[in-house]
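Below you will find one chain, with nothing else, as structure tokens; this is the form predicted alone, and questions on how it binds or moves follow later.
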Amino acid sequence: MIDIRLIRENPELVRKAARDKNMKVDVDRVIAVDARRRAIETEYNELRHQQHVGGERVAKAPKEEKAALSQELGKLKARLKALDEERVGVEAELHELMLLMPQIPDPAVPVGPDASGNVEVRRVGTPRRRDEFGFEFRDHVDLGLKLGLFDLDRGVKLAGARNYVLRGAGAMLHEAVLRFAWDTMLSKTFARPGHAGEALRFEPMTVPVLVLEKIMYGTGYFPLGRDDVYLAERDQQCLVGTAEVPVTGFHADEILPEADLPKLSVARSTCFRREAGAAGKDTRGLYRIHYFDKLEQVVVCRADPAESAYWHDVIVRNAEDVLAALELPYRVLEVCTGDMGQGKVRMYDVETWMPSRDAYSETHSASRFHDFQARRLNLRYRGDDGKTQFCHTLNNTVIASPRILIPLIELNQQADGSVAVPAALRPYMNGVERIG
């Protein structure tokens, strides 16, 4: 949610943000409803004052004047009741409209209609194409089924389309990736901006994957992303698509001391996505599936754009460090306005090379929101001057599996049909060097 004052003072900036993000919003209606809300508040306060003064006059008035004065007070009371009823409806409409308003993207973000407008920032590692292996290339599905790493048919039998079961070395590889990423994050220390020598670490968290709907609204996944979420309607709860939701919402409706910021958190969770808008897309294998496990990093910091940018670089680098250790070629993209979503100020995707797709494909998404989520969550901090401000929030994937198994399996396949285990994962695989 953005500040209503921004819409009042610079509506064209909000209209431009909506156009650039391919969103249809009614800025004029927001301005009109907000104006009516303020007019109601002004009239209500004036009438309350008149009611107070009138009550005193009735108490002091001669008996013969009391009836007329009381009648006037009755009219005031009726008008106040009508205003109060109208206020409830107007505030509800304004709240619903504000939930649809876009965050203003950073001026440096490339303007583009969709993913075609994303801009490559850098590449690391050399991609290996299907015809460069020197033997018959097999994709991750053929390898996985041949080696007994997963069972897609029985996954569908158990839970329907886009489901799977990891087995044997496949389950071990899945856990190895996640545990390696977890240990990597917990081993890192980071400098606090402006505090030389002070080291910070990410705090590990285990969080619920079934949350209240208000937390989905607070983090910006509702109302626009509702169709992609599994709902437990009877209990007004939802299965999360990322640990970002409960971790970012952890301090909702709280005022944190400025000295406690930044909050650096890392959480592993199972994630659930209906993929409602992806019917018939990427149906082969483990790329686009309904549930997976992900390690997510979340930062809550002061309302300082420079500090937000610093932590954005940190969380992107954390993901790159994991990919580099796994010896996977990847590239970093800056996401354009039309592909970045409602609440983001700036966004980077990390794409890992997948030979079977003959392309770099998204494995990580790093987002900076400024105060967009914090306003919706009422997440604030109190500065040394005693004033409260809304925090800034950021998040990024550390690793998500089994999608990351696609390049791991395909790029490490051998001529004999086995799969070499990257050195970084062998301690998590009981020393296994090759899956055969």
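Residue numbers run from 1 along the displayed sequence. What we label the rigid core is the largest C-alpha set whose atoms superpose within 1.5 Å from one form to the other. Only a predicted model underlies this, so the values are computations on that prediction, with no experimental measurement involved.
The same protein has a further form, the form predicted together with the RNA, not shown here; the description that follows concerns it.
Only one listed stretch (70 to 78, 100 to 108, 356 to 364, 144 to 152) carries heavy atoms within 4.5 Å of the RNA in the predicted complex, and that stretch is 70 to 78. Taking the partner from elsewhere, His49 is found to have a heavy atom lying within 4.5 Å of the RNA in the predicted complex. Using a 4.5 Å cutoff between non-hydrogen atoms, Arg434 does not count as a contact of the RNA in the predicted complex. Interface residue remark: Ala35 is not counted as part of the site for the RNA in the predicted complex, having no heavy atom within 4.5 Å. Heavy atoms of Arg382 reach within 4.5 Å of the RNA in the predicted complex, making it an interface residue.
Taking the RNA as positioned in the predicted complex, the residues of 4 to 25 that bring a heavy atom within 4.5 Å of it are, in sequence order, Arg5, Arg8. Comparing the forms between this form and the one not shown, the C-alpha position of Lys60 differs by 2 angstroms or more, with the core used for superposition.
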